[in-house]
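Subsequent text provides structure tokens for two forms of one protein chain, presented individually as structure 1 and structure 2.
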Structure 1
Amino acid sequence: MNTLVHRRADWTGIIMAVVLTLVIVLPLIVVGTWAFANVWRYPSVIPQEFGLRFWYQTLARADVWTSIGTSLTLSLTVTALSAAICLPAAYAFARMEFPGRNILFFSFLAGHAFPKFGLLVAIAGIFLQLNLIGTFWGVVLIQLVGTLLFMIWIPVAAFQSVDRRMEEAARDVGAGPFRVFWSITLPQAGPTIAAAVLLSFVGTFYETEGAWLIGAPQVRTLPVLMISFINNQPVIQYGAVLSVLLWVPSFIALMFARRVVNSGSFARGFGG
């Protein structure tokens, strides 16, 4: 009787695992295989010929390298700007009392509560008048808006969970408010904030709607280039290779996130 229950529980687990594998891993495997397939025609289950032919072809293209460069510079710029703007703001939200605090806080989050594309089109209209369409800084601005949620919300929680007495103790031994923030508050909230910075970097790297609407065709990020490849080329491998290239930041992010989650400070960042 007992074993039966256990067997059934195991089956549930196995079914779950299989379903998860099908949904998450299988597409990755298929795309991954496509990227390394020189020849793969129906009805063969595995490619007729493996190889790096399409990697050579893809990486030989100047627009691929330009877009990798654009993507990296954009993501770094947006993340750095976002950190410079949002971290002090998050600290203010977490630690200070000022009129309109709650309304302002919600306005940061509100951008994500509405269908985003509509908002983007509206912003694009404004950017058109400001001559920001098709410019690097136009894309930076639009992507900056996209990072606000992570870069405000998570750090606010992280700052709130820092023991005020620790900050007071630092004031007590002679540190001014800025020094306290730099030497005590930031390191204490550090792992969680690192996670937020990472999320915003990866999120920006993958962002397509804003980048396409504002940047195209002058400013082309890697994901935007990938979309145009897929739309314009009947060769699946180009898209697959770019897609595999795009996994790199994800993997780095995952490795890092694992460390942060393991250290327990991730949960702490959410006030846990």
Structure 2
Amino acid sequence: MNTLVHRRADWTGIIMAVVLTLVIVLPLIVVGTWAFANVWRYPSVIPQEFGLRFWYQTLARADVWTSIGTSLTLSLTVTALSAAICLPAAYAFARMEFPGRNILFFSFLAGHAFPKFGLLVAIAGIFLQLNLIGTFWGVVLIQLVGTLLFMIWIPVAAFQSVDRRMEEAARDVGAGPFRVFWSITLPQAGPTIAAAVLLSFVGTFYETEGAWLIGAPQVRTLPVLMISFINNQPVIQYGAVLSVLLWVPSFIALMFARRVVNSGSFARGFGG
């Protein structure tokens, strides 16, 4: 009887996995097909003509390249600032005891615990008084909020997973604090921290709500431009081409972030 129930449970899990895969993969296939379809008319299941015509037309637009440059500059700036601010804080959370440590640690989830758009509207009201609406640095500040989860929780787990015995052994033979950190701590925590930095970069590159609410129309990132294409252009392929361009950072991030997920570092970070 238990074996029968177990087999039923296995089949249920397999069916759910297949359904979930179809729900995720099928829209990606449709968008990817649209990006390379010169002609695709109903009721045909596949395009009548494949080609790169809309790639040439999309990439020939000056606003596309401007938005790509803006997105890359924003992502690099936000990631660098987030690393400079959050990594020392993550080290302190991982290695030090101080009053209010746990409350401060969990407070970094506050930006993700409530509806994001409501938080952004409240911040936009403050930015309006500070003349930051429609400015590059206004978008940088709003996007910093979205990096806190990755740049605090994952590095904390990385620093906590470092073998303390190796650090103590290095100190016993006369190594100073900086030498211990550079030679022992950083090599062990580095790959996980690098994955957190990459995830923060990709998350910033894709961030849309804050960039649209704070930056538009003066600061237009690639995701904001894609939404404009989808809403205002009668040609579906323009938006599809930009969507495919936006997939590239995701695939790169997934390649490097797999080790974080497989090693359980992210889960250990939530365990404190």
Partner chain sequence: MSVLKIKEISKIFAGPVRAVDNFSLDVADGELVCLLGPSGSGKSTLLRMVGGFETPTSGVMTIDGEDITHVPPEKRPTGMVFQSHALWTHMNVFKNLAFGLKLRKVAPDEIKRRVDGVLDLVGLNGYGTRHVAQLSGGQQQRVALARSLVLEPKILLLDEPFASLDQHLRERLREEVRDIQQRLKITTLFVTHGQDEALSMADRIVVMRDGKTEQIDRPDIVYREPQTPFVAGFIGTMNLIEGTVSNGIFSKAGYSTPLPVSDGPAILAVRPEALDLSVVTENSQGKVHRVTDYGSHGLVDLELLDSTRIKAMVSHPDLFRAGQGVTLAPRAIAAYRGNAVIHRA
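All residue numbers here refer to structure 1's sequence, counted from 1. C-alpha atoms forming the largest set that superposes within 1.5 Å between two forms make up the rigid core. Small disclaimer: the values here were computed from a predicted structure and weren't measured.
Which of these two, 1 or 2, is the form predicted alone?
Between the two, the form predicted alone is shown as structure 2, not structure 1.
Superposing on the rigid core, do we see a C-alpha displacement of 2 Å or more at residue 170 between structure 1 and structure 2?
Superposed on the core, residue 170 moves its C-alpha 2 Å or more between structure 1 and structure 2.
Once the rigid core is superposed, tell me how far the Cα of residue 19 moves between structure 1 and structure 2, in Å to one decimal.
That residue's C-alpha is offset by 2.7 Å.
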